[in-house]
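One chain is shown next in structure tokens, namely the form predicted alone.
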């Protein structure tokens, strides 16, 4: 990382958010002074395997498992304090002492947000995004309504009471009068529980923007860890089948208070095929036995939900957008080993929309619903053993190198990291 013009690196998802960012973040985290989340909430999930121990995290940055870096939850993240306390307890049980900071400006997920999330999902019908129903969309909406409660408010009972009364009555009206559901939990119960959460979390709550500014000034290394992926970005993704935050690297500035111009390296994580949890059209999706084979080989089940992921062939229309919008300096290509044994590997290079060839992601939902994949068929590379993967890039068969080179050429971004397994050492640097 020292060969780059800055000591700040960002890792973001270039697809639907289950690309293997946790593993790539893990690869860099041990050498970083700070590992930072800048958006999303506990709807995200990442799995890391360190020395044979599996960690499944949802809110805390992956760097926490090392004990050395300071993990930071930035102001752009929305925090369920009970979920955060549970995750802190979880990593402590695994022998990790958490070095953690939580932005005092981060917004808090309240119980009524979770109830509202479920009610909204029913209301949205076929336009629902397949929400994890953890209250993410409603808390971001409250933030924009200026009805939000922030982590710092949990430390100030009078302000918390003042804000809670407004937020609770607003949400209750939406839930009961607009959506026909019932909010059972009382304001008093929320007030008591969340004051307790605030006390338990008080040692972690601080102005993380100032902390990161001073760290960067003093030459410390900072790793930004994105959640989800570009197609779930609320502005640039397949709206409305998105998450409720900006997943693009540009949100680092607003989500942490660190200037975007300081970020020297932006790594986009791309899975060698496609998968997603949630609803939306998916042009390169595959079905039946072929899909089941890919799903089982890749272990494609959501970290947060446990739901079977939909799977398909690599979609370079999507990756092309990720390169452009994020300003990627390079790509980390993951799960190449899962494609072992396929004779042919279709790669989607464009969409056919009513006879028109489209190479960029359309904003039109009508167009996206009608998009048919235009494939380039590449040759597979048979069943490679660990002995081949472990010998490095030069030992890989020409067909596999061609797969990598073809992607680079199509999206105009170099692939510098190749991941061939879940463990940290199963990584090839080109």
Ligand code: GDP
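Positions refer to the first chain, counted from 1. Quantities reported herein were computed from a predicted structural model and do not represent experimental measurements.
The form predicted in complex with this ligand exists for this protein as well; it is not shown, and the discussion that follows is about that form.
- Screening 335-343, 213-221, 258-266, 239-247 for residues having heavy atoms within 4.5 Å of this ligand in the predicted bound form returns a single hit, 335-343.
- In the predicted bound form, at least one heavy atom of residue 46 sits within 4.5 Å of this ligand.
- Contact annotation for residue 9: none of its heavy atoms lies within 4.5 Å of this ligand in the predicted bound form.
- This ligand is not drawn, but in the predicted bound form it has no heavy atom within 4.5 Å of residue 411.
- At least one heavy atom of residue 420 is located within 4.5 Å of this ligand in the predicted bound form.
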